[in-house]
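Next up: just one chain, as structure tokens, the form predicted alone.
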Amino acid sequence: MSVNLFDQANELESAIRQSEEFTNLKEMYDAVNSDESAKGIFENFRNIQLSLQQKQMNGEEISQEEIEQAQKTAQLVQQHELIAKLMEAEQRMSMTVQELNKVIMKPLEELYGSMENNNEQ
């Protein structure tokens, strides 16, 4: 019996949208975006993160000044209750996605794992 993976992927998407992790993340995201102060701090933090990641990927040097700015912004973010809650919700959602990815990849890992075991014998 053949299974349509795309239908099941769409069901998984729907389940994710209805999950406690996602609904909590969305509530926290909306709360941060409704608060001008939190929104500004969060956007600044994201921009700094993206800029530093881009530099790393391009193999560019990150200056001490950029590191200090990132650390100061991270402290501001951690001290802001709404943003801290959003980041906690992001972390929980990320962990859920990692667990889902393990489940999704299990058949391939078993397949290739069994191939490696057969080659070792």
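A residue's number is simply how far along the shown sequence it sits, counting from 1. Model, not experiment: these values are computed from the prediction.
Same protein, other form: the form predicted in complex with a further copy of the same chain, not shown, and the subject of what follows.
Heavy atoms of Lys85 never reach within 4.5 Å of a further copy of the same chain in the model of the complex, leaving it off the interface. Although the partner is absent from this view, Glu90 contacts a further copy of the same chain in the model of the complex, with a non-hydrogen atom inside 4.5 angstroms.
In the model of the complex, a further copy of the same chain lies within 4.5 Å of some heavy atom of Phe42. a further copy of the same chain in the model of the complex is approached by Lys26, whose closest heavy atom lies within 4.5 angstroms of it. Using a 4.5 angstroms heavy atom cutoff to a further copy of the same chain in the model of the complex, none of Gln54, Lys72 and Glu81 count as contacting. Taking a 4.5 Å heavy atom cutoff to a further copy of the same chain in the model of the complex, the contacting residues in 69 to 102 are Glu90, Met93, Thr96, Val97, Glu99, Leu100, Asn101.
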